[in-house]
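Just one chain is shown here, as C-alpha cells, and it is the form predicted alone.
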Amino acid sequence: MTLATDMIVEKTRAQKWFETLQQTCRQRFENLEAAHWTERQNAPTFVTEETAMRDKDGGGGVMSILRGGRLFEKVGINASTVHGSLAGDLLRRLAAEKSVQGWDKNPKFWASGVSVVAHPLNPHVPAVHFNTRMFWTPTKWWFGGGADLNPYLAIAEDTEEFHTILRKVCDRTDQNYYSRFRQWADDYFFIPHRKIPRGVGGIFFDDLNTGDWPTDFQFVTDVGRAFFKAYLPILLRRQHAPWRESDRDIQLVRRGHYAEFNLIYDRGTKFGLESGHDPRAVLMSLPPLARWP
C-alpha cells in the first residue's frame, strides 16, 4: 500500500479537526468580546468577517477576522486545506529542508491547518499566536505548530502561567517535548536584526513524525485544546486594567516588531506567498495598527 493510499483517512481526520477548532475558536472570541461589552452595558458593535478562500491549485478554507472590538482590535482565525504541485526553487528548498526523497519526481503536496492571532486593545493584555498543521507529500508526512505569548508589557506571572499549561500538555505525550519545543520557540521567534525575541515564547515544533500517526495527531489536538486554557486566565485577569497613552505607544511599537518578524522571517508567510495562496489569508496575522519610532 502506498503512502498516498495509506493517508486518506488520516488527512480527512486532520482536516475535520482543524475546521472544527477554527469554528470553536471563532465562537469563543466572539463570546469574550460580547461579554466585555455587556459588562459595560453597551451593545456589541464588533464585526466578524468570514470569507471563503479558494486556492489557485486546489482546496481552500475559511478566513474569519473580528474587527472593531473593545476587547480585541483584531482577531484572525483561519482554517485551510490546500493541495497541488510545487516547482522551482520552492520545491528544491523544501525538499532539502524536510529531507523529502523523490519529491522532484512527484512534486504533489497537501496541507491542512488552523491559525489564530489575537491583537487586544488593552496594552496590558498580551497578543497571542497559535497554529497547528499537517503537511503531506507522496513519500512523507509531518505535523507542525505551536503557541506563543506576545505581551506588550510583560508580566512574569502571566508568562509562567502560560508556560505551565503548555508544559503539562507536552508532558502527557513525551517528557522531553516541553524543553525541546520551548527552546525551539525561543530560537524561532527571535528578531535577528533587532536582537530581541518577538515575545516571551511558548512552544514551537515542526517536522513532527515519530512514525506513530495517531499519537502525533493526538498531541496536535491536545495542543489545540490547551491554547485557550493557557491564554484565557491571562486575558480575564488583565482585560480591565487601566492604561495610559504611554502604554499604548509601547504596544504599537511592539506590534511593529511583530509585523517585522512575520513579514521577514516567518516560514508560513514565506510559503504562503511563494506558493501563491490568498495574500489576505497569509497576512491576516498582521496587527491593525503599528508604529515605528
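Start at 1 with the first residue shown and count on from there. Computed from a predicted structure; not experimentally measured.
FYI, the form predicted together with another copy of the chain isn't displayed, but the following is about it.
With the partner omitted here, the stretch from 23-31, 234-242, 262-270, 220-228 that lies within 4.5 Å of another copy of the chain by heavy atoms in the predicted bound form is 262-270.
Within 4.5 Å of any heavy atom of another copy of the chain in the predicted bound form lies no heavy atom of Lys105. Remark: Ile250 does not count among the residues lining another copy of the chain in the predicted bound form, judged by a heavy atom distance of 4.5 Å or less.
When another copy of the chain is considered in the predicted bound form, Arg133 lies well away from it, no heavy atom lying within 4.5 Å. For the chain shown alone, Leu289 is a contact residue for another copy of the chain in the predicted bound form, at least one non-hydrogen atom being within 4.5 angstroms. Residues of 192-227 placing a heavy atom within 4.5 Å of another copy of the chain in the predicted bound form, in sequence order: His193, Arg194, Lys195.
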